[in-house]
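First, one chain by itself: the form predicted on its own, in structure tokens.
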Amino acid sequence: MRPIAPLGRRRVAVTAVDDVGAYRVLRVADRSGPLPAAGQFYMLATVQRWGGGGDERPYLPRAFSFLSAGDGELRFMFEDVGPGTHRLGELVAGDELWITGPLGAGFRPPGDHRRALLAGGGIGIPPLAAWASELGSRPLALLGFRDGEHAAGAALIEDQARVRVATDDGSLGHHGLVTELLAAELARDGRCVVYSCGPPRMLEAVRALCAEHDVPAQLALEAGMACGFGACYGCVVALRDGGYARLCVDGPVLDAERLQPLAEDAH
């Protein structure tokens, strides 16, 4: 059963901001919220200066999967790629955030005597890192990055002995795509459940590989979210059997077999 977020948003303090290669890890104190489940997410907005332009028109809150949780602290990983994440990158210890969460449905344990196999890329690392910690069974993690600077994010997986890295430019680990590592691993031993988060094209390749090998997969999908409660229908994805799923309430983790192939999905 998923943890249920308290009604309304909570005002929390930033405790630290750490640099991890091309990424930043934001630490916040949250002693009043429930402990989240891996794959769930939070809506974040700064208390001060959360807006743009001369009139500081407010931004929508940003949705982030959590990286880790415990001892009254939440951690989130992000990259400065736009105005919202740039504002988050300006935060220092003592600044304040509005947070809402945990929200959504997270990962489910593998059944049928299957092992867990993690496959992710770039900013999709947080839910996989949280899941690896929650499982506690030393799952193999296959992680893909643009280059060596971004590959520093692989260090956020606790068990480094069970991490294999691929980089697009060959500066670290396998020179190529993480899905190439996944294809080799599925050919070696397909008795697994694949857990994946990353860019849409990577997730579509994971879905197709798992379908080819008849391997179940749970995909943590990303979409622009305005509310986080299923009211605005801004984060829908098309389902294979017709209709749509709202990622903020039906996901963000969905079974790969339920999805219309992402390459055909206009959303």
Partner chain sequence: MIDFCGLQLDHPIVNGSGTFDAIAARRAFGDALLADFPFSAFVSKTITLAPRAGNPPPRLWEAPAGMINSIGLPNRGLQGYLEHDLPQLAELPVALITNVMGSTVDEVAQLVEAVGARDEVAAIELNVSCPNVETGLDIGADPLSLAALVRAVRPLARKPLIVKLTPNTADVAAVAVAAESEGADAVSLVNTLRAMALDPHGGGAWLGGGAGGLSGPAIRNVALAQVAAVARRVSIPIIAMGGVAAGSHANDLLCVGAALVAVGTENFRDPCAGSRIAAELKSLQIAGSPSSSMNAS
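Numbering follows the first chain given and starts at 1. As the structure is a computational prediction, the values presented were derived from the model and not from experiment.
The following text describes the form predicted in complex with its partner chain, which does not appear among the structures shown.
- Highlighted residues Leu7, Gly224 and Cys232: every one comes within 4.5 Å of its partner chain in the predicted complex, counting any heavy atom.
- Contact annotation: of the candidates Leu60, Ala208, Ala29, Leu239, the single residue with a non-hydrogen atom within 4.5 angstroms of its partner chain in the predicted complex is Leu60.
- Among residues of the shown chain, Ala154 is not one whose heavy atoms approach its partner chain to within 4.5 Å in the predicted complex.
- Its partner chain is not shown here, but in the predicted complex it comes within 4.5 Å of a heavy atom of Trp50.
- Though the partner is left out of this view, Leu103 does reach within 4.5 Å of its partner chain in the predicted complex, counting heavy atoms only.
- The closest non-hydrogen atom of Arg24 lies beyond 4.5 Å of its partner chain in the predicted complex.
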